[in-house]
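One chain comes next, on its own, written as structure tokens: the form predicted alone.
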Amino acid sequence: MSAPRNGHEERGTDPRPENPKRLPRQRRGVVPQMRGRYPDWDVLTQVDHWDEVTRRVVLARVDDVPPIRFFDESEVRSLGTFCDAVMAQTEEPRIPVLSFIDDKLFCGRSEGFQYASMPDDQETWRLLARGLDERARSLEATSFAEAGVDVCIRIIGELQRGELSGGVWERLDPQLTWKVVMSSVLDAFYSHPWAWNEIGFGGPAYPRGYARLGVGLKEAWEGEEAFELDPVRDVDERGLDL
């Protein structure tokens, strides 16, 4: 999966009513869904300021997305839907979150800890896929991936609040499952350059580094924010938090 680094063609309209049209289209670089607060910022224009190892690792996240090797097709459909839903990725371009999680599990890389009452991460993810599908079927959907948006969001909220029970959830604590899987989801999403563009992150500091460290200060080459709405306050005021 790859995308142009220096711009992107217009891709229709954003169907989400909660995504205000005043959030600008990305004019430079790529962000998920091509709407962002820093429309003229592309962190990949800074690659010449990174050391060779860092440059190779970061560019691979865009140009060399690992293939799916751990999950089966059914799991990919349900877990891919889950990853997109929790990160509000409703249209292309999307950060391929599940591909990076799959690679991590296939290679046996772990977080370095495990809750005493939980199975290992590999089993947790497989059971999560089953549990999402079981709950979707109880709501008359054929699977989580085939359920409508409202049903998916309902199930995700139940998972986050620890309200799922029966079936798989006799083996998995839903709230601990949420913590385990979201750690991996967030790690995969925010380690990607497209997410850095979305939040205006200037990229790796080595070897150039950052010099203007005071409150409200930024380097001359960092992106300019073009959208001032506080997302935390906005989500709270509109009751969108799970």
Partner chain sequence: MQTFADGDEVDLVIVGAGAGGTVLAQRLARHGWRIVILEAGPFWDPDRDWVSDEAGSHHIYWTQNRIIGGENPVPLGKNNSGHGVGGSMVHFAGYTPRFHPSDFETFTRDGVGADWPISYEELKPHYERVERELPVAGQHWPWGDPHGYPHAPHPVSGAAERAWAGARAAGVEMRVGPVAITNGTFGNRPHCIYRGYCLQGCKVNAKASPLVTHLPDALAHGVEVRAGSMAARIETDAAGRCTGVTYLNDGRERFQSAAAVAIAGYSIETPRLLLNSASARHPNGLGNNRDQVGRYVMVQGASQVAGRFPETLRMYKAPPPEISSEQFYETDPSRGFARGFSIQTLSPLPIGWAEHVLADGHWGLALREYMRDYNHWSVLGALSELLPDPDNRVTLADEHDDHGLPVARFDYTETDNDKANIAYAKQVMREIWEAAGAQDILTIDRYAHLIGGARMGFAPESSVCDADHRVWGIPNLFVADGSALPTQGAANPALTIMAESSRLAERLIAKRVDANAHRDDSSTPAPV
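Model, not experiment: these values are computed from the prediction. Numbering follows the first chain given and starts at 1.
Missing here is the form predicted together with its partner chain; even so, the following discussion is about that form.
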**Message:** in the model of the complex, is there a heavy atom of its partner chain that lies within 4.5 Å of any heavy atom of T54, even though the partner is absent here?
**Reply:** yes
Does its partner chain get within 4.5 angstroms of any non-hydrogen atom of P32 in the model of the complex? yes
Q. With a 4.5 Å heavy atom cut-off, would you call I153 a contact of its partner chain in the model of the complex?
A. yes
So in the model of the complex, is its partner chain close enough to R22 to count as touching (4.5 Å, heavy atoms)? no
message: Taking a heavy atom within 4.5 Å as contact, would all three of V47, P66 and E92 count as contacting its partner chain in the model of the complex?
response: no
Among 67-75, 164-172, 80-88, 126-134, the stretch whose residues bring a heavy atom within 4.5 Å of its partner chain in the model of the complex is 80-88
Checked 101-122 against its partner chain in the model of the complex; residues with a heavy atom within 4.5 Å, sequence order, are S110, E111, G112, F113, Q114, Y115, A116
